[in-house]
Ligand SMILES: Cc1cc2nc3c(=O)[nH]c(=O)nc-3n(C[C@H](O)[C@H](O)[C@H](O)COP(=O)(O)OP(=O)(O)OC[C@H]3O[C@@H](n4cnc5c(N)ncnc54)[C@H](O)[C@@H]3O)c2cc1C
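In the block that follows, a single chain appears as C-alpha coordinates, in the form predicted alone.
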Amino acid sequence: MYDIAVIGKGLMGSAALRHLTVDFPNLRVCIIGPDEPENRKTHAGVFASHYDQGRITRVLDPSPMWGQMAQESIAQYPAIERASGIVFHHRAGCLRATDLPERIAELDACAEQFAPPHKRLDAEGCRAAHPYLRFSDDFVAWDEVGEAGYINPRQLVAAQLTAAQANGAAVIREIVAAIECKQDAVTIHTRQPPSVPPTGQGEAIRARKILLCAGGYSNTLLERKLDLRTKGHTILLAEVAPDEVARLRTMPSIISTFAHADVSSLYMLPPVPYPDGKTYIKLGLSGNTDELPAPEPFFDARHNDSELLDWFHTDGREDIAEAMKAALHRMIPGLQAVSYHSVPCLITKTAHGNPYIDSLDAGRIYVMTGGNGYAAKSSDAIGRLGAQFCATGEWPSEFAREDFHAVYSP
(Lines give C-alpha, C1' and ligand atoms only; values in the text may rest on other atoms or scores of the structure.)
Protein backbone atom coordinates (compact mmCIF):
# COMPACT_ATOMS: atom_id res chain seq x y z
CA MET A 1 0.00 0.00 0.00
CA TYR A 2 1.18 3.50 -0.84
CA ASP A 3 1.00 6.32 1.66
CA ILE A 4 0.04 8.80 -1.07
CA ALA A 5 -0.92 8.23 -4.71
CA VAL A 6 -0.88 11.26 -6.99
CA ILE A 7 -3.44 10.95 -9.79
CA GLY A 8 -2.51 12.96 -12.87
CA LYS A 9 0.98 12.97 -14.40
CA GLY A 10 0.99 16.58 -15.58
CA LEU A 11 2.77 19.74 -14.46
CA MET A 12 1.14 20.08 -11.03
CA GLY A 13 1.01 16.36 -10.27
CA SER A 14 4.66 15.72 -11.17
CA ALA A 15 5.71 18.72 -9.06
CA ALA A 16 3.75 17.40 -6.08
CA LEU A 17 5.36 13.99 -6.47
CA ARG A 18 8.88 15.43 -6.37
CA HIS A 19 8.09 17.55 -3.32
CA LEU A 20 6.67 14.51 -1.53
CA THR A 21 9.92 12.62 -2.11
CA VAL A 22 12.08 15.56 -0.99
CA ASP A 23 10.09 16.81 2.00
CA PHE A 24 8.69 13.47 3.21
CA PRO A 25 11.30 10.85 2.24
CA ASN A 26 9.85 8.17 4.51
CA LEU A 27 6.53 8.09 2.67
CA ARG A 28 5.85 5.50 -0.04
CA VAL A 29 4.47 7.46 -2.96
CA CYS A 30 3.46 6.92 -6.58
CA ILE A 31 1.98 8.84 -9.48
CA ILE A 32 -0.56 7.41 -11.92
CA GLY A 33 -1.19 8.67 -15.44
CA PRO A 34 -0.57 7.72 -19.07
CA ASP A 35 2.22 8.99 -21.30
CA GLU A 36 1.60 11.33 -24.22
CA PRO A 37 -0.18 9.53 -27.09
CA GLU A 38 1.72 9.01 -30.32
CA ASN A 39 -1.17 10.17 -32.52
CA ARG A 40 -3.54 12.82 -31.17
CA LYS A 41 -6.10 12.38 -33.94
CA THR A 42 -6.62 8.66 -33.33
CA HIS A 43 -5.99 8.46 -29.59
CA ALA A 44 -8.98 7.16 -27.63
CA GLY A 45 -7.75 7.80 -24.08
CA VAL A 46 -7.20 10.90 -21.98
CA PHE A 47 -5.12 13.94 -22.90
CA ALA A 48 -3.06 16.54 -21.07
CA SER A 49 -2.36 20.13 -22.00
CA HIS A 50 1.39 20.05 -21.31
CA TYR A 51 2.04 18.29 -24.63
CA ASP A 52 3.86 21.35 -25.90
CA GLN A 53 7.32 22.91 -26.18
CA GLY A 54 6.81 26.41 -24.82
CA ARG A 55 5.03 28.14 -21.93
CA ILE A 56 5.85 31.67 -20.82
CA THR A 57 7.55 32.11 -17.47
CA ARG A 58 7.83 35.44 -15.67
CA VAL A 59 7.14 37.12 -12.32
CA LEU A 60 5.23 40.21 -13.43
CA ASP A 61 1.53 39.46 -13.17
CA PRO A 62 -1.51 41.59 -12.28
CA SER A 63 -2.30 39.02 -9.55
CA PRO A 64 0.07 39.19 -6.54
CA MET A 65 -0.71 35.54 -5.76
CA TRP A 66 0.32 34.34 -9.21
CA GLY A 67 3.38 36.59 -9.06
CA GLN A 68 4.45 35.03 -5.76
CA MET A 69 3.81 31.51 -7.07
CA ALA A 70 5.89 32.25 -10.15
CA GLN A 71 8.74 33.78 -8.16
CA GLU A 72 8.92 30.72 -5.90
CA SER A 73 8.73 28.25 -8.80
CA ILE A 74 11.34 30.01 -10.93
CA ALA A 75 13.74 29.96 -7.99
CA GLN A 76 13.47 26.13 -7.98
CA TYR A 77 14.15 25.63 -11.70
CA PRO A 78 17.96 25.28 -11.34
CA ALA A 79 17.61 22.67 -8.58
CA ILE A 80 15.14 20.64 -10.64
CA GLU A 81 17.43 20.75 -13.68
CA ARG A 82 20.42 19.63 -11.57
CA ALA A 83 18.49 16.82 -9.91
CA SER A 84 17.19 15.46 -13.21
CA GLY A 85 19.86 16.39 -15.75
CA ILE A 86 17.06 17.76 -17.97
CA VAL A 87 17.13 21.37 -19.22
CA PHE A 88 13.67 22.93 -19.57
CA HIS A 89 14.17 26.64 -18.74
CA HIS A 90 15.10 29.18 -21.44
CA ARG A 91 15.94 32.76 -20.42
CA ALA A 92 14.56 34.71 -23.38
CA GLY A 93 12.95 37.51 -21.34
CA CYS A 94 9.29 38.48 -21.25
CA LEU A 95 7.70 41.69 -22.55
CA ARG A 96 4.32 42.67 -21.07
CA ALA A 97 2.75 45.44 -23.14
CA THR A 98 -0.58 47.22 -22.77
CA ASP A 99 -2.41 50.44 -23.58
CA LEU A 100 -5.12 49.89 -20.93
CA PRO A 101 -4.82 52.28 -17.94
CA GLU A 102 -6.17 49.78 -15.39
CA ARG A 103 -3.67 47.11 -16.47
CA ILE A 104 -0.82 49.64 -16.34
CA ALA A 105 -1.63 50.37 -12.70
CA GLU A 106 -1.83 46.65 -11.82
CA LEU A 107 1.49 45.84 -13.42
CA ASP A 108 3.22 48.85 -11.86
CA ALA A 109 2.08 47.57 -8.45
CA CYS A 110 3.32 44.06 -9.19
CA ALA A 111 6.69 45.38 -10.40
CA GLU A 112 7.07 47.37 -7.20
CA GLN A 113 6.16 44.39 -5.00
CA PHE A 114 8.38 41.74 -6.61
CA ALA A 115 11.02 43.92 -8.31
CA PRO A 116 12.22 41.43 -10.93
CA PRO A 117 14.98 42.75 -13.21
CA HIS A 118 13.11 44.78 -15.81
CA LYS A 119 12.81 48.09 -17.63
CA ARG A 120 9.59 50.06 -17.92
CA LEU A 121 9.36 51.29 -21.51
CA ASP A 122 7.13 53.65 -23.41
CA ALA A 123 6.24 52.94 -27.04
CA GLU A 124 9.41 54.60 -28.32
CA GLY A 125 11.48 52.56 -25.89
CA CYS A 126 9.75 49.38 -27.05
CA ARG A 127 10.56 50.12 -30.66
CA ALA A 128 14.18 50.86 -29.79
CA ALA A 129 14.60 47.68 -27.74
CA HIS A 130 12.68 45.42 -30.13
CA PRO A 131 12.67 47.03 -33.59
CA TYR A 132 11.02 44.02 -35.26
CA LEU A 133 7.86 44.59 -33.15
CA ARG A 134 5.16 47.20 -33.75
CA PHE A 135 3.42 49.08 -30.94
CA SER A 136 1.04 52.03 -30.96
CA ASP A 137 2.06 55.30 -29.33
CA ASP A 138 -0.13 54.58 -26.30
CA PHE A 139 1.66 51.41 -25.24
CA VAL A 140 3.58 50.91 -22.02
CA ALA A 141 5.71 47.79 -21.56
CA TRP A 142 7.63 46.03 -18.81
CA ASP A 143 10.68 44.32 -20.30
CA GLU A 144 11.47 41.60 -17.75
CA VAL A 145 14.83 39.90 -18.12
CA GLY A 146 16.83 37.67 -15.77
CA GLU A 147 14.98 34.38 -15.33
CA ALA A 148 11.97 35.35 -17.47
CA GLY A 149 11.42 33.62 -20.79
CA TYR A 150 9.82 30.25 -21.36
CA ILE A 151 9.85 26.68 -20.15
CA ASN A 152 9.41 23.46 -22.09
CA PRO A 153 6.44 21.85 -20.29
CA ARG A 154 7.15 18.37 -21.64
CA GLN A 155 10.69 18.58 -20.32
CA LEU A 156 9.61 20.09 -17.00
CA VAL A 157 7.28 17.14 -16.37
CA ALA A 158 10.05 14.73 -17.37
CA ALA A 159 12.48 16.50 -15.03
CA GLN A 160 10.10 16.37 -12.07
CA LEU A 161 9.37 12.68 -12.64
CA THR A 162 13.06 11.80 -13.11
CA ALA A 163 14.02 13.54 -9.88
CA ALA A 164 11.14 11.91 -7.99
CA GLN A 165 11.98 8.43 -9.29
CA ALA A 166 15.59 8.91 -8.21
CA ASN A 167 14.19 9.52 -4.73
CA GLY A 168 12.19 6.29 -4.78
CA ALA A 169 8.79 7.29 -6.22
CA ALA A 170 6.92 4.86 -8.48
CA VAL A 171 5.47 5.95 -11.83
CA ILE A 172 2.45 3.92 -12.99
CA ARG A 173 1.63 4.67 -16.63
CA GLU A 174 -2.06 3.77 -16.64
CA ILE A 175 -5.38 5.62 -16.76
CA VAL A 176 -7.37 5.94 -13.56
CA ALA A 177 -10.89 4.66 -14.23
CA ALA A 178 -12.41 5.04 -10.75
CA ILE A 179 -11.57 5.70 -7.13
CA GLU A 180 -13.20 4.03 -4.16
CA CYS A 181 -12.82 5.65 -0.74
CA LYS A 182 -13.02 3.40 2.31
CA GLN A 183 -12.32 4.00 5.98
CA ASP A 184 -8.76 2.71 5.95
CA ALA A 185 -7.63 3.46 2.38
CA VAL A 186 -8.53 4.52 -1.14
CA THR A 187 -8.65 1.93 -3.91
CA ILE A 188 -7.67 3.25 -7.34
CA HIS A 189 -8.90 1.21 -10.29
CA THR A 190 -6.86 1.68 -13.46
CA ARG A 191 -7.02 0.70 -17.09
CA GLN A 192 -4.25 0.60 -19.64
CA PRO A 193 -3.92 3.32 -22.28
CA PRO A 194 -5.30 2.29 -25.69
CA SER A 195 -1.81 2.44 -27.22
CA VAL A 196 -0.50 -0.26 -24.85
CA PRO A 197 -0.98 -3.92 -25.87
CA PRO A 198 -3.50 -5.40 -23.41
CA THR A 199 -2.05 -7.51 -20.61
CA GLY A 200 -5.07 -7.52 -18.33
CA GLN A 201 -7.71 -5.22 -16.88
CA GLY A 202 -5.39 -2.76 -15.16
CA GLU A 203 -4.72 -2.66 -11.46
CA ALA A 204 -6.38 -2.02 -8.14
CA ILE A 205 -3.89 0.22 -6.34
CA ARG A 206 -4.35 0.99 -2.67
CA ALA A 207 -3.20 4.17 -0.92
CA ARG A 208 -3.90 5.77 2.43
CA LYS A 209 -4.49 9.08 0.66
CA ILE A 210 -4.76 10.34 -2.90
CA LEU A 211 -3.93 13.73 -4.36
CA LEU A 212 -6.16 14.27 -7.41
CA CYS A 213 -4.45 16.41 -10.07
CA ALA A 214 -6.39 15.39 -13.16
CA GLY A 215 -7.17 18.84 -14.57
CA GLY A 216 -10.26 18.86 -16.77
CA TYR A 217 -10.81 15.17 -16.05
CA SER A 218 -10.97 15.59 -12.26
CA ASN A 219 -14.77 15.58 -12.02
CA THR A 220 -15.05 12.28 -13.88
CA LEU A 221 -13.52 10.62 -10.79
CA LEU A 222 -15.49 12.44 -8.09
CA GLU A 223 -18.98 11.63 -6.82
CA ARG A 224 -19.58 15.21 -5.67
CA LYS A 225 -18.59 17.45 -8.57
CA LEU A 226 -16.39 20.53 -8.31
CA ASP A 227 -17.23 23.88 -9.90
CA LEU A 228 -14.79 23.51 -12.80
CA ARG A 229 -15.35 25.15 -16.18
CA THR A 230 -13.41 23.15 -18.74
CA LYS A 231 -12.73 25.32 -21.76
CA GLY A 232 -11.31 24.65 -25.19
CA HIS A 233 -8.29 26.75 -26.18
CA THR A 234 -6.90 27.18 -29.69
CA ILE A 235 -3.16 27.58 -30.28
CA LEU A 236 -1.64 28.86 -33.51
CA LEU A 237 1.81 27.69 -34.60
CA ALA A 238 3.54 29.76 -37.28
CA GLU A 239 6.51 27.96 -38.83
CA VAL A 240 9.57 30.15 -39.44
CA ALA A 241 12.64 29.37 -41.54
CA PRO A 242 16.22 29.60 -40.23
CA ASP A 243 16.78 33.11 -41.61
CA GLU A 244 13.71 34.41 -39.76
CA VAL A 245 14.82 32.61 -36.61
CA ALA A 246 18.13 34.46 -36.88
CA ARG A 247 16.39 37.81 -37.44
CA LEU A 248 14.22 37.27 -34.35
CA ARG A 249 17.00 35.80 -32.20
CA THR A 250 16.52 38.42 -29.45
CA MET A 251 12.73 38.14 -29.38
CA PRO A 252 11.29 37.68 -25.87
CA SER A 253 8.09 35.99 -24.85
CA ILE A 254 5.27 38.55 -25.18
CA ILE A 255 1.98 39.15 -23.38
CA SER A 256 0.06 42.02 -24.93
CA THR A 257 -3.29 43.49 -23.88
CA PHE A 258 -4.87 46.14 -26.07
CA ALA A 259 -8.08 47.53 -27.47
CA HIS A 260 -8.96 45.65 -30.67
CA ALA A 261 -12.25 44.32 -31.97
CA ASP A 262 -11.00 40.83 -32.83
CA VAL A 263 -8.08 40.13 -30.49
CA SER A 264 -7.76 42.10 -27.25
CA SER A 265 -5.23 39.98 -25.38
CA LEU A 266 -2.55 37.75 -26.82
CA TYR A 267 0.47 35.78 -25.69
CA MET A 268 3.28 34.87 -28.05
CA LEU A 269 6.51 32.93 -27.70
CA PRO A 270 9.74 33.48 -29.63
CA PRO A 271 10.74 30.87 -32.22
CA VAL A 272 10.93 27.51 -30.43
CA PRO A 273 12.09 24.17 -31.90
CA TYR A 274 9.45 21.41 -31.92
CA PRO A 275 9.82 17.60 -32.11
CA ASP A 276 8.90 17.57 -35.82
CA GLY A 277 12.19 19.34 -36.58
CA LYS A 278 10.52 22.67 -37.36
CA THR A 279 10.65 25.96 -35.47
CA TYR A 280 7.44 27.78 -34.60
CA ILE A 281 6.21 31.02 -33.10
CA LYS A 282 3.37 30.01 -30.79
CA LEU A 283 0.34 32.24 -30.13
CA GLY A 284 -2.77 31.99 -27.98
CA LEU A 285 -5.51 34.25 -26.75
CA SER A 286 -5.38 35.29 -23.12
CA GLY A 287 -7.67 37.31 -20.89
CA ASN A 288 -11.45 37.08 -21.11
CA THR A 289 -11.98 35.23 -24.36
CA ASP A 290 -15.57 34.52 -23.30
CA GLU A 291 -16.40 37.92 -24.77
CA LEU A 292 -15.47 36.90 -28.31
CA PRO A 293 -18.37 37.01 -30.79
CA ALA A 294 -18.25 33.20 -30.80
CA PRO A 295 -16.43 32.12 -27.60
CA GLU A 296 -14.36 28.97 -27.53
CA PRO A 297 -16.39 26.02 -26.23
CA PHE A 298 -16.92 24.91 -22.65
CA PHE A 299 -17.33 21.21 -21.97
CA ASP A 300 -19.37 19.34 -19.40
CA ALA A 301 -16.72 16.94 -18.08
CA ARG A 302 -18.52 16.14 -14.85
CA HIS A 303 -19.52 12.63 -15.82
CA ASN A 304 -17.51 11.52 -18.86
CA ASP A 305 -14.76 12.71 -21.13
CA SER A 306 -16.37 12.17 -24.52
CA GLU A 307 -16.58 15.90 -25.33
CA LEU A 308 -12.93 16.36 -24.38
CA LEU A 309 -11.93 13.49 -26.63
CA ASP A 310 -13.83 15.02 -29.54
CA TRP A 311 -12.17 18.42 -28.94
CA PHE A 312 -8.64 17.01 -28.90
CA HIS A 313 -9.31 15.29 -32.22
CA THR A 314 -9.92 18.69 -33.86
CA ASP A 315 -7.47 21.42 -34.84
CA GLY A 316 -9.15 23.96 -32.56
CA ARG A 317 -11.18 26.86 -33.90
CA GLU A 318 -10.27 27.96 -37.43
CA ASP A 319 -11.73 31.47 -37.04
CA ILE A 320 -9.74 32.13 -33.87
CA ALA A 321 -6.57 30.84 -35.54
CA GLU A 322 -7.16 33.28 -38.42
CA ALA A 323 -7.66 36.18 -35.99
CA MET A 324 -4.40 35.32 -34.25
CA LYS A 325 -2.62 35.06 -37.60
CA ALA A 326 -3.70 38.62 -38.45
CA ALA A 327 -2.60 39.83 -35.00
CA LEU A 328 0.77 38.15 -35.44
CA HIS A 329 1.43 40.05 -38.64
CA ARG A 330 0.33 43.33 -37.05
CA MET A 331 2.82 42.81 -34.23
CA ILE A 332 5.69 41.54 -36.39
CA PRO A 333 5.46 43.43 -39.71
CA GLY A 334 7.14 41.65 -42.58
CA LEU A 335 7.20 38.28 -40.87
CA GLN A 336 8.06 35.54 -43.35
CA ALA A 337 6.19 32.46 -42.18
CA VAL A 338 6.55 29.15 -44.01
CA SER A 339 3.26 27.64 -42.84
CA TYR A 340 0.55 27.85 -40.16
CA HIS A 341 -1.42 25.27 -38.28
CA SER A 342 -3.53 25.23 -35.13
CA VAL A 343 -3.86 22.69 -32.34
CA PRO A 344 -6.35 22.26 -29.47
CA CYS A 345 -5.55 22.80 -25.83
CA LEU A 346 -7.63 22.90 -22.65
CA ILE A 347 -7.97 25.37 -19.77
CA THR A 348 -9.63 24.34 -16.51
CA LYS A 349 -11.13 27.32 -14.68
CA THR A 350 -12.10 27.40 -11.01
CA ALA A 351 -14.81 29.51 -9.39
CA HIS A 352 -12.34 31.94 -7.78
CA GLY A 353 -9.53 31.93 -10.35
CA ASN A 354 -6.96 30.17 -8.14
CA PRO A 355 -6.20 26.45 -8.09
CA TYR A 356 -8.31 24.24 -5.87
CA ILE A 357 -6.07 22.76 -3.17
CA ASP A 358 -8.28 21.14 -0.56
CA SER A 359 -9.35 18.04 1.35
CA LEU A 360 -12.56 16.52 0.01
CA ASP A 361 -13.28 13.28 1.85
CA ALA A 362 -12.34 12.74 5.51
CA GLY A 363 -8.65 13.32 4.91
CA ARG A 364 -8.46 10.55 2.30
CA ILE A 365 -9.08 12.42 -0.94
CA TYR A 366 -7.20 15.64 -1.57
CA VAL A 367 -7.54 17.71 -4.72
CA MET A 368 -5.12 20.02 -6.53
CA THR A 369 -6.58 21.11 -9.84
CA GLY A 370 -7.61 24.11 -11.93
CA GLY A 371 -4.69 25.95 -13.51
CA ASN A 372 -6.90 28.71 -14.97
CA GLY A 373 -4.46 29.09 -17.87
CA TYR A 374 -1.66 30.41 -15.62
CA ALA A 375 -0.26 27.38 -13.82
CA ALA A 376 2.60 26.09 -16.01
CA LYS A 377 5.22 28.57 -14.81
CA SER A 378 4.00 28.29 -11.20
CA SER A 379 3.41 24.55 -11.11
CA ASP A 380 6.29 23.75 -8.77
CA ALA A 381 4.97 26.08 -6.04
CA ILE A 382 1.44 24.76 -6.51
CA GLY A 383 2.77 21.21 -6.27
CA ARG A 384 4.60 22.04 -3.04
CA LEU A 385 1.40 23.37 -1.43
CA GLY A 386 -0.59 20.32 -2.48
CA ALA A 387 2.10 17.88 -1.36
CA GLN A 388 2.52 19.46 2.08
CA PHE A 389 -1.21 19.75 2.69
CA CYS A 390 -1.90 16.16 1.61
CA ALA A 391 1.01 14.72 3.60
CA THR A 392 0.37 16.60 6.87
CA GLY A 393 -3.24 17.79 6.77
CA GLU A 394 -1.91 21.22 7.77
CA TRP A 395 -2.01 24.25 5.51
CA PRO A 396 1.31 26.02 4.80
CA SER A 397 1.10 29.44 6.42
CA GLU A 398 2.50 31.69 3.67
CA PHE A 399 -0.67 31.55 1.56
CA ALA A 400 -4.23 32.08 2.73
CA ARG A 401 -6.05 28.76 2.73
CA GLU A 402 -9.37 30.35 1.77
CA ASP A 403 -7.85 31.50 -1.53
CA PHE A 404 -7.56 27.85 -2.61
CA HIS A 405 -10.67 26.24 -1.14
CA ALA A 406 -12.63 23.86 -3.36
CA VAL A 407 -16.01 25.06 -4.61
CA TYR A 408 -18.60 22.44 -5.46
CA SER A 409 -20.80 22.54 -8.53
CA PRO A 410 -24.29 23.93 -7.90
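The first residue of the sequence shown is number 1, and the count goes up from there. Given the structure is predicted, the values throughout are model-derived calculations rather than measurements.
The same protein also exists as the form predicted together with the ligand; that form is not shown, yet it is the one meant from here on.
Asker: Would you mind picking the one in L60, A376, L385, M69 that has a heavy atom within 4.5 Å of the ligand in the predicted bound form?
Answerer: After the contact test, the surviving option is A376.
Asker: The ligand isn't shown here, but in the predicted bound form which of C110, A323, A92, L221 has a heavy atom within 4.5 Å of it?
Answerer: Of the candidates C110, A323, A92, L221, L221 is the one lying within 4.5 Å of the ligand in the predicted bound form.
Asker: Given a 4.5 Å cut-off on heavy atoms, tell me which of 138 to 146, 231 to 239, 160 to 168, 332 to 340 is the interface stretch with the ligand in the predicted bound form.
Answerer: Careful reading of the contacts points to 231 to 239.
Asker: Taking heavy atoms and a 4.5 Å cut-off, does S49 contact the ligand in the predicted bound form?
Answerer: Residue-level check for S49: yes, a contact with the ligand.
Asker: Taking heavy atoms only, is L360 within 4.5 angstroms of the ligand in the predicted bound form?
Answerer: Outside the cut-off, so no.
Asker: Please determine whether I347 contacts the ligand in the predicted bound form, using a 4.5 Å cut-off between heavy atoms.
Answerer: Flag for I347 set to yes.
Asker: Given that the partner is absent here, does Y267 sit within 4.5 Å of the ligand in the predicted bound form, heavy atoms only?
Answerer: Because a heavy atom of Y267 falls inside 4.5 Å of the ligand in the predicted bound form, the answer is yes.
Asker: Using the arrangement in the predicted bound form, list in sequence order the residues of 145 to 168 with any heavy atom within 4.5 angstroms of the ligand.
Answerer: Heavy-atom contacts within 4.5 Å come from no residue here.
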